[in-house]
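Take a look at this one chain, the form predicted alone, written out in structure tokens.
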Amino acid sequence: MTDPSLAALSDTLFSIAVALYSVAVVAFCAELAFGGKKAPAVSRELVGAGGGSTTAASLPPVDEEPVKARRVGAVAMGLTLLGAVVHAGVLVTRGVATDRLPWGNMYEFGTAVVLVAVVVYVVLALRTPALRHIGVFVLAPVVLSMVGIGLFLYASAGPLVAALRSSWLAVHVSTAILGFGIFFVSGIASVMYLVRSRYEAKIAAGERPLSRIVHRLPSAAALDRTAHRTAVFGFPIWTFAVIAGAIWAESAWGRFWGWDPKETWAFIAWVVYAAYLHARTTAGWRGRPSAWVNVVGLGVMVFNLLYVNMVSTGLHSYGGVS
């Protein structure tokens, strides 16, 4: 039996979470706007790239972050934390309302993935305060994702379809959610690295590009390090999710692997992220080339969630989950 009052509360909390994240995006934008024109912390390897004419000493002085910007940034982080708590409430109340794990359809799966991404960002920002400045670039996709999930993927609270009533749901789908959420943040960090590294290259070449947004980002080295570390953390989780899915498939369908569209694209995503981790430590591929591989990996994950579930047909079509 489904508890209608708790199901309605879950839907209300979803709307509140979207509102809180939206206000947080505005606050993060204000933080960037109020921030002083701080000189970029150019990566060591970029200094002097333009024939040695530019050195760290020749760069403009670094301004301290204005108090107003710090306060607005603290408000933005507070709203993000509050949004994450409310967001978690969406899944908890829906789970209690239906007396099951709250990721039995695409609406619940997508909601859980976005929550993991927000939590990963919050942990990173608290551990490394400079990463707070990528908040708008994480929260803006979060808001867009939540709106899209609410508009196009919403499903009324109800019991699981028969095919998903297995203990493997807690293992396979849970780890797929964790892996996807971590890769979400890793991909965004790589996108920001590509933007920031180009900016730093111009600085190292003696140019003075004017950007009140890019100069507030963490250094390219910090962004690249964040993207790599999160991918390293997420990769074994995604590997386990793929293996657990194969074991569940053998139990449910009598075979470990059948090249179902969902299985195929999950494996393609695994290959892309394995390629990224390898490229990240390979001479000639470090930096921008490997970052592009990471961005492609995020694209594959999104394609696997949306196109494969909503357009293609296969054995995974019933639940809209991995």
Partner chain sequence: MTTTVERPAAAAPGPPPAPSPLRRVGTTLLRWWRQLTAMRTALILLFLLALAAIPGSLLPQRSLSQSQVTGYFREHETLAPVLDAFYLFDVFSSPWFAAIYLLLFISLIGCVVPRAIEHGRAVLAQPPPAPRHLHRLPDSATLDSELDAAATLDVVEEELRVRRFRVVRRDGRHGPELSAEKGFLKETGNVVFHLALLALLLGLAGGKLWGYEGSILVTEGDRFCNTFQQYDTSRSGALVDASDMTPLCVTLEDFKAEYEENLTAASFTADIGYGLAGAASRNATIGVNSPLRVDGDRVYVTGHGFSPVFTVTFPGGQSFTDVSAPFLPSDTTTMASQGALKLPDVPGSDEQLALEGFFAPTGSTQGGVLTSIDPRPLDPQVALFVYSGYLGLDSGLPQSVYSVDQTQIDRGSLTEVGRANLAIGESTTLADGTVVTFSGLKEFAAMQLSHDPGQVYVLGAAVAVLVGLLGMLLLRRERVFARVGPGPGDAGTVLSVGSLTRGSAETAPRFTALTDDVSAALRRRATAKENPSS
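Because the structure is a prediction, the values reported are computed rather than measured. Numbering follows the first chain given and starts at 1.
There is another form of this protein, the form predicted together with its partner chain, and it is not shown here; the text below is about that form.
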Considering its partner chain in the predicted bound form, find the one stretch among 109-117, 157-165, 76-84, 211-219 with heavy atoms no farther than 4.5 Å from it. 157-165
So in the predicted bound form, does any heavy atom of Ile268 sit within 4.5 Å of its partner chain? yes
Looking at the partner-bound form in the predicted bound form, is Gly287 within 4.5 Å of its partner chain by any heavy atom? no
Would you please decide whether Arg71 lies within 4.5 angstroms of its partner chain in the predicted bound form, comparing each non-hydrogen atom pair? no
Wondering, does Val67 line up within 4.5 Å of its partner chain in the predicted bound form on heavy atoms? no
Just one of Val232, Val147, Ala170, Val96 has a heavy atom within 4.5 angstroms of its partner chain in the predicted bound form, so which one? Val232
Are there residues in 235-268 with a heavy atom within 4.5 Å of its partner chain in the predicted bound form, and which are they, in order? Phe235, Pro236, Thr239, Phe240, Ile243, Ile247, Trp248, Glu250, Ser251, Ala252, Trp253, Gly254, Arg255, Phe256, Gly258, Trp259, Asp260, Pro261, Thr264, Trp265, Phe267, Ile268
